Every structure is written in C-alpha cells, then in structure tokens.
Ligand SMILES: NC(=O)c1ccc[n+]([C@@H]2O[C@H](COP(=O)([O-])OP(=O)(O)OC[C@H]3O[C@@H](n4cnc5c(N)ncnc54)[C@H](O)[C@@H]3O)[C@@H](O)[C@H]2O)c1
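In structure tokens, the next block holds one chain alone, the form predicted on its own.
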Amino acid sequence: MKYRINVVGLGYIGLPTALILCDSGHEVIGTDCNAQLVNELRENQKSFSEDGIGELYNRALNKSIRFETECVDADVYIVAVPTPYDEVQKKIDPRYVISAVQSVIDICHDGSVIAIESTISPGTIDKHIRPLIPAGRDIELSHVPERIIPGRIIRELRSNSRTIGADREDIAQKLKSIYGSFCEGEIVITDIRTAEMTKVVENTYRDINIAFANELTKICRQADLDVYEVIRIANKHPRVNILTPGPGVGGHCISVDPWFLVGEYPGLANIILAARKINDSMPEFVLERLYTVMKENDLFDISRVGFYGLTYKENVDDVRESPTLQLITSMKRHIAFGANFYDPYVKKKIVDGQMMDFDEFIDRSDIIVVMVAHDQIKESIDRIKDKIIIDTRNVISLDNVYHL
C-alpha cells in the first residue's frame, strides 16, 4: 500500500529518507522551514554530498517529489529535525521537535500518524509531545529512530534494521509496511519509551568503547607503549573488541546522545559521564601532544602548523561537533591563533586560517596534524613525507610519524 507522506526537516536524515520513500512509490512532500534550502532543492541543488544521493534525487524528481516550507495534509508525518542538548543541564532541547509537531497538528486530519525520527531522550514524547495533542483529536504518535551514518546513508537506509515504537499494534504495522518498502533489515516493534531508550543506548555504548580506547592512549603515552599495538593484540581475544582511539568524538549522535542520559539520570549515569569527559578531553590532549612535538623539534611558530580535516569523520562534509572545531575552541581559550586548517570536503570557509587549496596548505605547514582520515591525505603521503606529522588517526604509513 502506498501512502501520502510529509517528511519534516530536510537535513542529513530527512532528505535521504524523503527521497528513498518517493523512490519506493509513496507520494512524498518534503518540508523545511529554511526557505533557501527548499528553493535550492527545487532547483536541483542538493544540500550535501553523499554517494547515491544524486541518483536517488533525480529519480524522485521524476516521480514528482515536492519541497515546501509549510507542512501539508498527509497520512503519515516523519519528523527529522535537530535535537540539540542544553550544555548546562545536559538535557535534550526539544524546541525543534515541539515546533515541528505543532506545525503538523495544526493542519493534519484525524487518523494521521506522526513518526519522530529525531533522536530524543527517554520520555520526551510523553513529557513534551503528547501534551501538544488537543483533547478529542485522533492523532497517533510513534518513534522510529534513525540509524544511519554520513558516508553510507543510502546503503544503511536500505540495509540497517529499524525500530518502531508505537502505542498500538495496528499503527506499528502501518509504519512497518512504510519502512519495509525500502528497508531490507529486520524491523522490530516495541513501545515508544523503549524505542527512545534503545537509540540513546546504542550511541552511548559506542561512546563508552571509544572512551576506553582514548583512556588507554593516555595511559600508554605515559607508559611509553604503542597503544595501537596493545589494542591489536588485545583484540585477538575472542571476546574483546576495543575500538580505535582518536582526537575526539564528533557528529550529532555519539557526542550528544549520551548527555541525554547524564542529564535525565544524574548520579546514576556515572560511567557514561566519565566517558563523555574522556572523549571531550581528547582535542586538548592533541594540543598537548602538539606542544611536545613542537618543543622536541624546536619549532614554535603556530602559523607553520596545519590541521588537516574539519569534518567529524572521513570522506563526508559533516562538521557537526567535529573534534577539530572543539580543538579550535580550546586554542582560543589559550589565546592561540594563526594555525592553518584544510579540508577537501568543506567548500565554504568556516574558521579563521582555513585554506581552500591543498598545495598552499602543504607549503605553509611545517607540522601537519592529521585530524581526519580522508582518502586524500592517505593518497598524498609522498607529498607530505618531508613534513613533521602528528597522525591522530593512525593512517599515515611513514617511519617518522608521531602518534597520540
């Protein structure tokens, strides 16, 4: 069965979801309050680069997908708007979800289903969303948390399992038929609060594992041991799987979602809080490592230091919560200015000192700090082999490279 679906929020989650739903035969209207974004999408200007997006977009246009600035009447609404957190209270800031749902309620017919894909803390729907529905209105709520990562969005939309949290079995089955029109993975049905908790727990688990690897990095640095060799050998145990250490944790999931549990359950989320502190400390640790390397090489001109990578992960243009941006904030606190920055995927200047030409970046940097393992830097080893390199991602295969 095909449905009329309004996807609200056309960012990294909403736009691919709208496109793949349209490609699967549903009538889809994509809505975003950003008029410039909507106009660009109408004019075939995609808001971000991602493998498979272009082809899917062109097919969706041929199937008459629409982009609007206002919500429209539909059978199902998929809400995929940002969910930041209060940095003081460490709790979710639900204002975008509340605004989106209120816009839907104002125009939808009774019998409509609102599926919130945005990552939310456990209890958000009961506390903030359910009270929005006027007495006597027949509007069903559900939570279908997204489970994809930039760089593999289309692939993971099709292959990853999904969770549907709903109040009623018939609503869950309706949503299962919609998501099942493109999702080849298992679709699990549960209640709303369990779905809320499950998504946050998934990202928190990964955050804790990364924090363990990063703490090992600090320990091995003090013990004069190679942390990568320690992890390599430890992971040969059949029940050990330590992740790779790095300069910090970015993105809108792993670096944000664990705070929801810290904020909602203070005094209980102790390991989670410790992991967050460890991972948030890594950009500062990179700066300390940089200082040691500069001193060892008798180099103290910050204008000759280049940080490679502004995104939070390799081969994407997503800079949300990136470790490099966190590092820049730390530098400003120490009144350290003048370093060089470069990222092949960031086409607009977003920080002071950012260069748009890779050759210029190399020429003006005596020390290169590899913050992101883009393919470009791994394929350019011959061009940087004479530089002093601090490789925070363990991807540069040269003998004279410094690591975390």
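We number the residues from 1 along the sequence you see. In this text, all values refer to a predicted model and were calculated from it rather than measured experimentally.
There is another form of this protein, the form predicted in complex with this ligand, and it is not shown here; the text below is about that form.
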{"property": "Heavy atom of Y96 within 4.5 Å of this ligand in the predicted complex", "result": "yes"}
{"property": "Touches this ligand in the predicted complex: R162 (any heavy atom, 4.5 Å)", "result": "no"}
{"property": "is_contact(E264, this ligand) in the predicted complex, heavy atom dist at most 4.5 Å", "result": "no"}
{"property": "H252: touches this ligand in the predicted complex, heavy atom cutoff 4.5 angstroms", "result": "yes"}
{"property": "The single option of I29, A339, L56, L37 touching this ligand in the predicted complex, heavy atom within 4.5 Å", "result": "L37"}
{"property": "The single option of A100, I125, M282, L175 touching this ligand in the predicted complex, heavy atom within 4.5 Å", "result": "A100"}
{"property": "Interface segment, criterion being heavy atoms within 4.5 Å of this ligand in the predicted complex, picked from 132 to 140, 76 to 84, 265 to 273, 179 to 187", "result": "76 to 84"}
{"property": "Sequence-ordered residues of 8 to 46 touching this ligand in the predicted complex, heavy atom within 4.5 Å", "result": "V8, G9, L10, G11, Y12, I13, G14, T31, D32, C33, N34, L37"}
